[in-house]
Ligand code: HEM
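For reference, the chain that follows is the form predicted alone, supplied as structure tokens.
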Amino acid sequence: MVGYRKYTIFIFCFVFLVVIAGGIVRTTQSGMGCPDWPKCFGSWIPPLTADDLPADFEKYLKKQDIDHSFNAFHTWIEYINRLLGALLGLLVLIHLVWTVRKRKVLGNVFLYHSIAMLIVVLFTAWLGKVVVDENLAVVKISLHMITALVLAFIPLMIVNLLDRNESVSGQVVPRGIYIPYLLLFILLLIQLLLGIGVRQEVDVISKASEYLNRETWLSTVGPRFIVHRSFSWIILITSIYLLIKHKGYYFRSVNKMILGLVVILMIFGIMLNYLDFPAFVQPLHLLFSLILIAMVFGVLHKVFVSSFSMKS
């Protein structure tokens, strides 16, 4: 099932392509570039210029939250994001069909995971509609991001289950090794929630300032940003502990990547704080955050599956 495994990994990577596309949409304030859903200005192919707008275009433009004017750049950024989301749904559907056809070889556990992946994709698409209908509701946007993270977990679980007859890189899994990884995973989830809170405040502040004066956005957020920034040091210390404590080949390689991602994210945080909140850093900060959480989750699940297989 080498092809099936590679395809599952491809879906995992594609999830993050959709994530970065969504981050670019937010960073460029293109979220209402297509004011309706699933169509865009009432058409399946959005307009290229103002001359291509439908006769009733004003009912769409009045939904926008900035200047209520047509911006082809915003429209196509949002439209490409939707196309990538639709393509992800198609990829997941193909995965389900493949799993059904190989059900006798794979077993029901893979079928359940594939079905769950499709359900999460459909739920994420529905949330996208709600976000547009409610004019970029802040809480709905955050939930939309969390569902994307959950979606990334499922392919990792499938790959780990495919490899469940092997121990972690052929080595014995140390007893209790899941505890520090579980701690790091919990810390990262807390940090994610803190970051979501900061982002929600920034969204409100940036919208009130018509997305101008970026250098003032973080300074007006308040103590929540300070807590979020300080919490990153706890995550850094935990990551260093993992690298020092667990030196097996597999764990050392993974722990180096985890520590590297933590350091990169701290650099991004410094850039956002001291370089006037540069727009290009926002989607990268989101992308690397979700990759880090998914990586730690993948290690946790791999250790669990490997330990279970060894016992059985």
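If you're wondering where the values come from, they're calculated on a predicted model, not measured in any experiment. We number the residues from 1 along the sequence you see.
There is also a form predicted in complex with ligand HEM; it is not shown, and the following applies to it.
- The candidate site formed by Leu188, Val262 and His285 is fully in contact with ligand HEM in the model of the complex, as each residue has a non-hydrogen atom within 4.5 angstroms of it.
- Contact with ligand HEM in the model of the complex, judged by any heavy atom within 4.5 Å, is made by just one of Leu143, Leu192, Leu162, Ala116: Leu192.
- With the partner removed from view, the residue among Ile270, Ala50, Met257, Leu243 that has a non-hydrogen atom within 4.5 Å of ligand HEM in the model of the complex turns out to be Ile270.
- At a distance threshold of 4.5 angstroms between non-hydrogen atoms, Met266 is in contact with ligand HEM in the model of the complex.
- The shortest heavy atom separation between Leu218 and ligand HEM in the model of the complex is within 4.5 Å.
- Although the partner is absent here, Ser232 sits close enough that one of its heavy atoms falls within 4.5 Å of ligand HEM in the model of the complex.
- Shown alone here, Phe70 lies farther than 4.5 Å from ligand HEM in the model of the complex, counting heavy atoms only.
- This chain is displayed without ligand HEM, yet in the model of the complex the stretch 223-231 from 95-103, 82-90, 223-231, 120-128 comes within 4.5 Å of it by heavy atoms.
- In the model of the complex, just one residue of 10-27 lies within 4.5 Å of ligand HEM by at least one heavy atom: Arg26.
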